[in-house]
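Here we start with a single chain on its own, the form predicted alone, put down as structure tokens.
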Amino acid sequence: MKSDMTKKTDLSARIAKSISDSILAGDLLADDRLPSEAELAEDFDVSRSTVREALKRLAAQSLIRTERGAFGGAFVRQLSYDDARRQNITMSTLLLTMNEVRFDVACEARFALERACLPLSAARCGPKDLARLRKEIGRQASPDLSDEAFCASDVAFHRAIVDSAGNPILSYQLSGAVEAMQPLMNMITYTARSRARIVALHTDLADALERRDAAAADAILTVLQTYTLQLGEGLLAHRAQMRAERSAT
């Protein structure tokens, strides 16, 4: 038999889903006020504490906000692309860390997604975008830059390419690829890759975007993908061999 706490959790999850479904269907719009806790408790035939738990779930998903005072309550939240991007990064990171995703699969997806935005990036990349790219290339060329900082700059560089497409939906969709999959690949390959080669490829990419040459940018990204894949597969094979040798002794 389920405990009372389990029953309460199940009920709050069902209530939260019912409200989120109404938001997604457009029955509840941004800034609409939800019924009061008492009204929701009556509508769903549950206790107010169960309703509060459901509202906490919705707030954790950034679907509602709460305000205090005489005119307060729970309101449908206007979800920004930045909020959605952060959630996408979190979920993508969890997906990669909690599941066994092969390196080649992650590498294929990550570069395919970035490649999709290159035509727009080449057409729309402006002075501020190019300045962001050149800034990160300058950081990466510094011999005193730590491995951690180099990896962070690598992510920032590719984030700048995606953002230069000038499409917030693309930036949202690719956030998981760049800011979740890219760190995963960096973590595996950073000890073996040549910083000088990465800097050279990044420089070529920035130059191609500045020339508005999408085909050249695509070709350079393909070289970077092949290099990353070769490094990752080589290192993973070496690690597997080392484990096998240790097991044999």
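Throughout, we count residues from 1 along the sequence that is shown. Note that the structure is predicted; figures quoted are calculated from it, not measured.
If you look for the form predicted together with the DNA, you will not find it shown, but the lines that follow are about it.
*Asks:* So which of T203, S49, S62, T222 gets a non-hydrogen atom within 4.5 Å of the DNA in the predicted bound form?
*Replies:* By the 4.5 Å heavy-atom cutoff, the listed residue in contact is S49.
*Asks:* Pick the stretch from 68 to 76, 118 to 126, 175 to 183, 101 to 109 whose residues have a heavy atom within 4.5 Å of the DNA in the predicted bound form.
*Replies:* So the stretch in question is 68 to 76.
*Asks:* Look up in the predicted bound form whether D45 has a non-hydrogen atom within 4.5 angstroms of the DNA, and give yes or no.
*Replies:* D45: yes, in contact with the DNA in the predicted bound form.
*Asks:* Can R211 be called a contact residue for the DNA in the predicted bound form at 4.5 Å between heavy atoms?
*Replies:* Heavy-atom contact with the DNA at 4.5 Å: absent for R211.
*Asks:* So in the predicted bound form, does any heavy atom of E233 sit within 4.5 Å of the DNA?
*Replies:* No.
*Asks:* Is there a heavy atom of R195 no more than 4.5 Å from a heavy atom of the DNA in the predicted bound form?
*Replies:* Contact check for R195: no, nothing within 4.5 Å of the DNA in the predicted bound form.
*Asks:* Since the partner is left out here, which residues of 12 to 27 would have a heavy atom within 4.5 Å of the DNA in the predicted bound form?
*Replies:* Residue within 4.5 Å: S12 only.
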